[in-house]
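Presented as structure tokens, the chain that follows is alone, the form predicted on its own.
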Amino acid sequence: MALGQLNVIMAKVIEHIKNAKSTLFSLEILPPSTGESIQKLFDNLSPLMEFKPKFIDVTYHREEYVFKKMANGLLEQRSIRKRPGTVSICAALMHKFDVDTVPHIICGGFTKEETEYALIDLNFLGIDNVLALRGDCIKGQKSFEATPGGHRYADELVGQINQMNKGIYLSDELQNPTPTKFCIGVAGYPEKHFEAPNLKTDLKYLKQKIENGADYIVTQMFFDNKKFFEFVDRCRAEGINVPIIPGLKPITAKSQMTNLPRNFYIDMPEDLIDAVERCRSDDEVKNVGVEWAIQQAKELVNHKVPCLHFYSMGKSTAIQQIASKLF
């Protein structure tokens, strides 16, 4: 079955939000690791489809560099990708589940020309949603370094996508090129991006992404709703009026209480820390994490957020438990 023959009409994220009568459900997944079957991903997602997610984000993981020892004893630097296939995973999910997908598009590792080619491929596939991100630096680098001929910041990437939506491509030799119709999402950080000196500066850059053409914001995970509500208020005060989607992640293991703050630069509420520290096993931790996320989600729904966006990290059981109480 061709993508154009899907049983449902695919829509933009912003259209889903505008047409919704209640808070929507969405999630973010990782592509399978190199060598893994896509069936494992299908099996993980299948139990969640009964809750009718309106869209599924698929992350992009850039290359890493490793050193391989050659026969002559010298080391050779090689580029590897541990989780390839973002675009093909999106197309496969559209086929399998008749659901909209949102591939992540990043600055790192791409020239502007390569970005344009990737967007053209997405356009041909009928994938009209993208999440535009700067992306992380390569492992081993102290700070992000733009690819020569590529974008340094996400607002520049948003600008290129928006230009294509206006029918403006990189080449000035094209005759009447067809405009694309991408709905552009960007990331927001209720506790600020770790590289920003303060939240005010971070909001300035976020506003630039909106002014360059972004349609909505999805936030980094957080565990204290107060931080989200304050973030939304500050966005509105800065004139940022697009939909803001909260991102949630249920705690499922005690190790995440240190790993998540270290990797994502977020704070953990004292009540959550105390509850997890009393747990004697990760099964108990998971129960605490699920209940915490349910209470978070209920409060957010009461505040009429447009959508609840769950970071699955490749697992669906906890999200299934949460969704069963909400949708």
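This one's a predicted model, so the numbers in the text were calculated from it and none came from an experiment. A residue's number is simply how far along the shown sequence it sits, counting from 1.
Keep in mind the form predicted in complex with flavin-adenine dinucleotide (FAD) is missing from the figure; the text below concerns it.
Picking from 225 to 233, 146 to 154, 169 to 177, 116 to 124 the stretch near flavin-adenine dinucleotide (FAD) in the predicted complex, with a 4.5 Å limit on heavy atoms, gives 146 to 154. Using a 4.5 angstroms heavy atom cutoff to flavin-adenine dinucleotide (FAD) in the predicted complex, all of E28, Y205 and Y311 count as contacting. Residue-level contacts in the predicted complex: of L248, I251, M164, L131, one residue has a heavy atom within 4.5 Å of flavin-adenine dinucleotide (FAD), and it is L131. Interface residue among Y189, Y216, F110, F182, judged by heavy atoms within 4.5 Å of flavin-adenine dinucleotide (FAD) in the predicted complex: Y189. flavin-adenine dinucleotide (FAD) in the predicted complex is approached by H104, whose closest heavy atom lies within 4.5 angstroms of it.
Put simply, K96 is far from flavin-adenine dinucleotide (FAD) in the predicted complex: not one heavy atom of it is within 4.5 Å. Within 4.5 Å of some heavy atom of flavin-adenine dinucleotide (FAD) in the predicted complex lies at least one heavy atom of Q220. Contact check for G159: every heavy atom lies farther than 4.5 Å from flavin-adenine dinucleotide (FAD) in the predicted complex. Taking flavin-adenine dinucleotide (FAD) as positioned in the predicted complex, none of the residues of 274 to 303 brings a heavy atom within 4.5 Å of it.
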